[in-house]
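In structure tokens, one chain follows: the form predicted alone.
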Amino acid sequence: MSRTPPAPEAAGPAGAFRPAPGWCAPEVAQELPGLRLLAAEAQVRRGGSLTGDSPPDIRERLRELSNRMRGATAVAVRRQPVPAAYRVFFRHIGLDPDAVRTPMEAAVLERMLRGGFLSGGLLADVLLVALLDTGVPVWALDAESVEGSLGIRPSGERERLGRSREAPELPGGRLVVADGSAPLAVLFGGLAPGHEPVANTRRLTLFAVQVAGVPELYAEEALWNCRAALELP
């Protein structure tokens, strides 16, 4: 969003929060300067299911954001600096952001179509609030399914998305988020089957994708917001 988030050092416990920088394949870093991945682990201490109803504080936050994001404010989102940076990046990788929506614009369009930001379950709501607060998208993987650090690279020819039997085949050269041995998500796309969190997942690997023009502080805040919301007892 267009506001400047508070520095982590000024936000109490967030001052000690430093997400791990991900790696980037050299050819990707050369072609797309400014593209970065940041990751952090989160222990889910909220009671109940990750896919079940959100607690009252998160549902209230969604209502507040629904009231704030209406009419002219929603229409103007794409012109704000952080959402605009993702639009530029989409064009750089061959995606038309008016056809394949950036995460922020997809969320705002959904709000306009449905009359508000409707709850999709605890984890989905936490990720949505972080996106709306910062403009930076965050994804969550089951940490038990991640091997080594995360990074961004092109997929190999006929490489599969994930390690499960249901893993679909990828075209060569697709940008993916990968761990040490397999792609776990398509960049700005879906997660690999068998690696997504389920109802009783208690340990998550969160990752945010930062592009040129997006301050690192925004990506750090998005991850911190998710982890703090999930780790509340």
Partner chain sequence: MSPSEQLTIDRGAPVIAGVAVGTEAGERGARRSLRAQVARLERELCAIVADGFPHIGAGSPAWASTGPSLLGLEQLEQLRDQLAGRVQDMRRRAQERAEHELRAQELLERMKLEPGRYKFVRLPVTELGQRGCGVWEVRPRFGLIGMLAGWWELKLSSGCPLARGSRASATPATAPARGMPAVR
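Positions refer to the first chain, counted from 1. Note that the structure is a prediction, hence the values are computed from the model and not measured.
We do not show the form predicted in complex with its partner chain, though everything after this point is about it.
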item: Triple contact flag Arg59, Arg63 and Val108 to its partner chain in the predicted bound form, non-hydrogen atom at 4.5 angstroms; value: no
item: Contacting member of Ala167, Met69, Val186, Ala42, with respect to its partner chain in the predicted bound form [4.5 Å, heavy atom]; value: Val186
item: One residue of Met112, Leu118, Val88, Ala124 in contact with its partner chain, assessed in the predicted bound form (non-hydrogen atom, 4.5 angstroms); value: Val88
item: One stretch from 157 to 165, 137 to 145, 124 to 132, 92 to 100 that, in the predicted bound form, holds residues within 4.5 Å of its partner chain by heavy atom; value: 92 to 100
item: Partner contact for Ser181 in the predicted bound form: its partner chain, 4.5 angstroms, heavy atom; value: no
item: 4.5 Å heavy atom contact, Gly173 and its partner chain in the predicted bound form; value: yes
item: Its partner chain contact in the predicted bound form: Val28, any heavy atom under 4.5 Å; value: yes
item: Leu32: touches its partner chain in the predicted bound form, heavy atom cutoff 4.5 angstroms; value: yes
